[in-house]
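Below, in structure tokens: the form predicted on its own, a single chain.
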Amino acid sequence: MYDVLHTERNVTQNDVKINAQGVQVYYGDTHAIKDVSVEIEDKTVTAFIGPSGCGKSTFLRCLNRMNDTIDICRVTGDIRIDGEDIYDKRVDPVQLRAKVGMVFQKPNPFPKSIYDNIAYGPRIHGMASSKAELDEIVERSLRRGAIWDEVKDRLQAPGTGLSGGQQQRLCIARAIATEPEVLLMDEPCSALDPIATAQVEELIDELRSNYSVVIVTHSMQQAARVSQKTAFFHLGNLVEYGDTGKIFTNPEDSRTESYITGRIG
């Protein structure tokens, strides 16, 4: 039914990068995430799937404290990256977001040049001591974002002038310019055409050799193509989590099976 063979190649036991235990999220009186515990591996693509409004994006935003920006949102539980509690009072969310990059549903390049889109984060975090060092970071990031060859002769042109698929790859390059260890992607292909989607999926597959990638997707085919691990969310609960091939071909929970076969959604 799905192309799960692709996802099962090269699956090795990786170290746990993110360990979330007993996570609850409330928006005012609404209990959006209910006691979610999950261990996310390093150098692996993990897909969060489930119906709209099931909590997958809300949980994703817990992993870099983006929910902190919502006044009525309250997060409890324990989330650690490399064993460090990311909700510890001493943790600076800005520094955390340099370590945990994020790519959003709609490409959102800054209204700046292609060069400055990439250079922005490294400048803020003092990662380059010279123009030559910054140039090197920009080129490396654009190469990792699989867009260097398309933009190398127009780095001073506005990022907003690129096509949708190019803008999304620019945003991925921008997210990895600060040398993160985790890359969060919230439906990164939902605004893209099939060709641009294929390019971004190919890029995601390459990025997992350097990062722990967590992707929220409404497309089960995409989850089957790009991920090694899949988590199924339903009504704020993490119903099932495991190897992608197993989740799609032999799920343990009847709710997972109902979603994958299209009976709920």
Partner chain sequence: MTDMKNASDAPRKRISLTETDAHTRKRNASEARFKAYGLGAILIGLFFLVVLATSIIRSGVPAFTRTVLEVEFTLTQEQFDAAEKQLFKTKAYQAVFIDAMTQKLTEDGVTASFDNAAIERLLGKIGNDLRGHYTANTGDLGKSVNFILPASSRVDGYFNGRVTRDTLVDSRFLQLSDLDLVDALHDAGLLKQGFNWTFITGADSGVDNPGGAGIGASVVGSFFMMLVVLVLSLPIGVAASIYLEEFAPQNRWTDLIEVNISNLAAVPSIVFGILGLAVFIQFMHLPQSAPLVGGLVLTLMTLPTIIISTRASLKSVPPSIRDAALGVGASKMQAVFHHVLPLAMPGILTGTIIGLAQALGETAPLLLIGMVGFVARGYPDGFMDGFVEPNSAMPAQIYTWAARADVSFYDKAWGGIIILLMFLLTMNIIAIILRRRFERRW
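Residue numbers count along the first chain shown, from 1. Every value quoted in this text rests on a predicted model; they were computed, and no experiment measured them.
A second form of this protein, the form predicted in complex with its partner chain, is not displayed here; the remarks below concern that form.
For the marked spot (98, 104 and 125), a heavy atom within 4.5 Å of its partner chain in the predicted complex is present in each of the three residues. In the predicted complex, its partner chain sits within 4.5 Å of a heavy atom belonging to residue 160. Residue contact with its partner chain in the predicted complex: residue 166 places no heavy atom within 4.5 Å of it. When its partner chain is considered in the predicted complex, residue 66 lines it closely, a heavy atom lying within 4.5 Å.
None of the heavy atoms of residue 190 is located within 4.5 Å of its partner chain in the predicted complex. Of the candidate stretches 110-118, 128-136, 73-81, 142-150, only 110-118 contains residues with a heavy atom within 4.5 Å of its partner chain in the predicted complex. This chain is displayed alone, yet in the predicted complex one of 208, 61, 234, 225 has a heavy atom within 4.5 Å of its partner chain; that residue is 61.
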